[in-house]
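We begin with a single chain expressed as structure tokens, specifically the form predicted on its own.
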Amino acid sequence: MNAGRITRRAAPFVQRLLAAVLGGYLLASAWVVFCGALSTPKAEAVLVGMQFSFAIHVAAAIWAFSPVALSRMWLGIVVPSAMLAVAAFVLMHWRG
């Protein structure tokens, strides 16, 4: 086996691993920021958001290794993260 063939075969696994680790972190972080922007007592809201963020990170890791196409897997992680970040941004500026 040559190195190019091994690299081509390992690339989907590396993408799923990156999505599980970094994408899960991105989604969990966006969730915590959204929880902080959602509620008035920010310390309690961020604490609740952090507790749920562990479950969200695990769910993202499970989603990353699910038998779906790589493009759909990335969309399933990046789109909810972006939506949560935009919602948090709007809530923070809406409340002033």
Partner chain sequence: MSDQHEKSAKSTVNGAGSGGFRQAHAWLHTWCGLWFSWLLFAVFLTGTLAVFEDPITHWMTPEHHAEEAAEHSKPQPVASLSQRLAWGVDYMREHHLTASMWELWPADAQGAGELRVFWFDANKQYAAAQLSTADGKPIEVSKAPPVRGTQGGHHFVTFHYELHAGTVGLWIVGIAALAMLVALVSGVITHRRIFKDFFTFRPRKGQRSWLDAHNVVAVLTLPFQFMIAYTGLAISALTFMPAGVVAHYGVQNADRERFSTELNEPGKPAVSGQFMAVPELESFVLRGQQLMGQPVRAVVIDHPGDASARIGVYGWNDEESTLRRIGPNSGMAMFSAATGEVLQVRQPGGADGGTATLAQSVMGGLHMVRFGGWALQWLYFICGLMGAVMMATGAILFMVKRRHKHLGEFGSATVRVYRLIEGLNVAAIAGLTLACVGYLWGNRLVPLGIAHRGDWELGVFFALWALSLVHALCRPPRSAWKEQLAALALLCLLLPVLNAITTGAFLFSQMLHGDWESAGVEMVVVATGLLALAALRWQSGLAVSRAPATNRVPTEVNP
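Residue numbers count along the first chain shown, from 1. Note that the coordinates shown come from a computational prediction; the quantities given were computed from them, not determined experimentally.
Although not depicted, the form predicted together with its partner chain is the subject of the following passage.
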Is the gap between Ser66 and its partner chain in the model of the complex 4.5 Å or less for some heavy atom pair? yes
Does any part of Ser71 reach within 4.5 Å of its partner chain in the model of the complex? Heavy atoms only, please. no
Leu22, Ala82 and His93 all contacting its partner chain in the model of the complex, non-hydrogen atom within 4.5 Å: no
Within 4.5 Å of its partner chain in the model of the complex: residues from 12 to 29 (heavy atom criterion): Phe13, Arg16, Tyr25, Ala28, Ser29
